[in-house]
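Single chain ahead, by itself, as structure tokens, in the form predicted alone.
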Amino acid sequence: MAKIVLGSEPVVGSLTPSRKREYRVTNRLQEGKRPLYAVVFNFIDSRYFNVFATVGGNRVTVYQCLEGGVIAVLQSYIDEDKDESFYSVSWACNIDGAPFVIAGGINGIIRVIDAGNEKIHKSFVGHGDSINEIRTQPLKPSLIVSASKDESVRLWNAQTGICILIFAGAGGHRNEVLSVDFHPSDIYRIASCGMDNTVKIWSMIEFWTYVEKSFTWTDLPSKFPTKYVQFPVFIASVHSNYVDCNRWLGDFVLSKSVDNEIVLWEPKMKEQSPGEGTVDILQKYPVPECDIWFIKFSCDFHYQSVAIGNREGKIYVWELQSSPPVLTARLSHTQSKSPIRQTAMSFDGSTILCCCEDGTIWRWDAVEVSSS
């Protein structure tokens, strides 16, 4: 287990907004009565950067952000099981570039929806319990990972339907896995976190031949030699409670627990002894009233900013690349009082969406700030 290095104290951001960028509400939609757990822009395909998807209950909805605050409904998929409750959604594509919307939730089944024809391309069965998060490999966007209540992370080929790897076992998570993320440039690396209070970094380098084989496999997916990855290369105890969101920022990790802050830290591996090493906590981004679990943050495409909602319906937008951290904006509206489960920042960060416990979607757009 990695130890936290004492010595240099982490730099904590001030909650005084810089007002470098201001946002105003341009739209509010009531999608339904059921809570919305996830919202995500399509960063996989430049033709669709202004397209986003939401999930709530047994429904997946695809929208487009248009000028002047307009949000247009493009398509809606309703799962055959009315008791399904989707918790996560991600964009991916097949090998010829056609967009997939991928959703998972309480049933533990991953639905791969072909956004071109609004039909199910594949359903992945394998997890033994609900799915808390799905993420797509940006360098190979037909690969996805899923984090589950069954204490495992699985790597799938969305094109062929194959479960390639299962990250679980002797060195795996000891409780629900709540979040997972692919490294932005090291294609072999993922990070996962969960209810065992740890963040684990895994490497696929020894298993990459299986990843490649998943694209050319012609037999039934169930006959594929799925491999178990039992040991992470690094385990970090940065938080003392559930860790419900982690994202890579280059080789650093952004993670949050239920203690009103996002933490930026550096994993320092010991090459000789996998799993060992130290953690250098670099910065802390305070988020007041963010003390319930299953609240997820998001970043713009270039990771300049991070946006996160809280229990009271407010959004905090932090500059990621400055030290000390700078609070760009604190967004609040008199009618936004419900917990925000997830935000989605647009490609350039000029639009912020949030989805709420009360079934609403809010759209905030950046406004020109006069320099006077």
Partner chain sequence: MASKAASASASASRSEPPEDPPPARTSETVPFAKEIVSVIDAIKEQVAADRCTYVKKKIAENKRKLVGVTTHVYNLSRQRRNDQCTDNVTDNNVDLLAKRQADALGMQIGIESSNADKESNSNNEEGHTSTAVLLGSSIPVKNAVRPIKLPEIKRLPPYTTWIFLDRNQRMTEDQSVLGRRRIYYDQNGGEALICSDSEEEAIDDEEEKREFTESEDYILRMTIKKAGLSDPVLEAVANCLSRSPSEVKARYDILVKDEKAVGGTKTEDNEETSQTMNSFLDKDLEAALDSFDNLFCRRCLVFDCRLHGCSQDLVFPTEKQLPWSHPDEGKVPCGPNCYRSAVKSEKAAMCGNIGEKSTPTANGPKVQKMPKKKSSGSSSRIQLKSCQSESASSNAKNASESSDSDVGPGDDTSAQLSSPSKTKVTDKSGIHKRNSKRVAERVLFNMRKRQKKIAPSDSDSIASGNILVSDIKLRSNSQKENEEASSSSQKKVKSATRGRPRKKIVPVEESSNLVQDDVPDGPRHEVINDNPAASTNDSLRKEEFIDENTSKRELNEDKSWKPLEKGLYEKGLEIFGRNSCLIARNLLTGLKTCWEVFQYMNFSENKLLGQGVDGSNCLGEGFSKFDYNGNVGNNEARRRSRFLRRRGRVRRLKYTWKSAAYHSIRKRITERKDQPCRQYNPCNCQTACGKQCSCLLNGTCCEKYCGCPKSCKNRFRGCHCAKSQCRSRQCPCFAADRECDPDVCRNCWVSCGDGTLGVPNQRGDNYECRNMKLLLKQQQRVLLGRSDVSGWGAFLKNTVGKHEYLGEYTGELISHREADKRGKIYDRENSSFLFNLNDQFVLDAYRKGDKLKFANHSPDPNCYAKVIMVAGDHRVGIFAKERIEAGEELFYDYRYEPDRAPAWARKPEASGAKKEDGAPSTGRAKKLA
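Numbering follows the first chain given and starts at 1. These figures come from a predicted structure and were not determined experimentally.
The same protein also has a form predicted in complex with the partner chain, omitted here; what follows describes it.
Would you classify residue 197 as touching the partner chain in the predicted bound form, given a 4.5 Å non-hydrogen atom cut-off?
Judged by the heavy-atom cut-off of 4.5 Å, residue 197 is in contact with the partner chain in the predicted bound form.
Taking the shortest heavy atom distance, is residue 15 within 4.5 Å of the partner chain in the predicted bound form?
Flag for residue 15 set to no.
Report whether the minimum heavy atom distance between residue 174 and the partner chain in the predicted bound form is within 4.5 Å.
Judged by the heavy-atom cut-off of 4.5 Å, residue 174 is in contact with the partner chain in the predicted bound form.
Does any heavy atom of residue 337 come within 4.5 Å of a heavy atom of the partner chain in the predicted bound form?
No, residue 337 sits far enough from the partner chain in the predicted bound form that none of its heavy atoms falls within 4.5 Å.
Can you tell me which of 263-271, 201-209, 217-225, 157-165 lies within 4.5 Å of the partner chain in the predicted bound form, counting heavy atoms only?
The contacting stretch here is 263-271.
So, 79, 127 and 230: all three within 4.5 Å of the partner chain in the predicted bound form by heavy atoms, or not?
So, yes: the whole triplet contacts the partner chain.
Using a 4.5 Å heavy atom cutoff, which residues in 103-137 contact the partner chain in the predicted bound form? It's fine if the answer is none.
Read in sequence order, the residues that approach the partner chain (within 4.5 Å, in the predicted bound form) are 106, 107, 109, 111, 113, 115, 116, 117, 118, 120, 123, 125, 126, 127, 128, 129.
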